[in-house]
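In the form predicted alone, a lone chain appears below as structure tokens.
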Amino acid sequence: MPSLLDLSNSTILITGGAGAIGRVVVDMLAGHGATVVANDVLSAADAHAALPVGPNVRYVQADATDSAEVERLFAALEQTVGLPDVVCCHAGVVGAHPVQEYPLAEFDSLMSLNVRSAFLVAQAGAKRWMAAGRPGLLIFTTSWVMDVPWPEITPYSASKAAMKALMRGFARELAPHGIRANAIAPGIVGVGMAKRQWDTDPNYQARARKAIPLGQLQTPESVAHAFLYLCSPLAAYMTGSVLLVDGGCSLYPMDE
């Protein structure tokens, strides 16, 4: 009996695929047989240095916040690996400032990458699936902070709440066309800014430990496992769902 985690018949696009979490997701999905196309804004040389090496891993540079670039991205996919079966709207950024001092330009940039790019990429994938009469799967990367405020990242939290709403809207409207949409909501992942703060700021580490019932930063592999599950036949009856993988962060307020 074939494994339900065998993705050898799947082609998967992931935006933000060369980032600290994205590259682990790419490796996980490719390791289970999928043809994975990573998209990011890095140069091809920098992306290939970051991404796992393999015959079923590709890279396409494009700015997912630009509609013309998104069209070019999908055209490149269709010319090389074909229309993807799964589109993962994963690209994102976080910034930290007290909410009353948050720079407007940084707010706009964050919303553009986190929300606008997700909408553009999901919309482009959905249009193509509908035109081809094919089913498809959208996966959005949200966060536990979409529901639980965390100090100094309020615009990020708002962007992740918006992505959850986008996911549910795509799921509701496109279900008659066989197009599903789900989201993954990680907790405090031990990469990037969170890892730097954990390692260098004792106050942050104490606050984060209090917020994580399991006590340790989340590994990027645990996020990749969630992607693997949602991309597999095991999740074939899921749409409009948020898969919360946060170590319990959202169980209770951190400021008790």
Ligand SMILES: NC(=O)c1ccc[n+]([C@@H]2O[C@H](COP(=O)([O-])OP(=O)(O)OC[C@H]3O[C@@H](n4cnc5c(N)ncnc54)[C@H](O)[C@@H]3O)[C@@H](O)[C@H]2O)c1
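We number the residues from 1 along the sequence you see. Everything numeric here is computed off the predicted structure, so don't read it as measured data.
The discussion below concerns the form predicted together with the named molecule, not included here.
The named molecule is not shown here, and in the predicted complex it never comes within 4.5 Å of any heavy atom of Leu214. Taking the partner from the other structure, the named molecule in the predicted complex has a heavy atom within 4.5 Å of a heavy atom of Gly192.
By the criterion of a heavy atom within 4.5 Å, Ala235 is excluded from the residues contacting the named molecule in the predicted complex. Although the partner is absent from this view, Ala64 contacts the named molecule in the predicted complex, with a non-hydrogen atom inside 4.5 angstroms.
Contact with the named molecule in the predicted complex, judged as any non-hydrogen atom within 4.5 angstroms, is confined among 179-187, 124-132, 99-107, 166-174 to 179-187. Residues are counted as partner-facing when one of their heavy atoms sits within 4.5 Å of the named molecule in the predicted complex; in 133-163 these are Thr141, Thr142, Ser143, Tyr156, Lys160, in sequence order.
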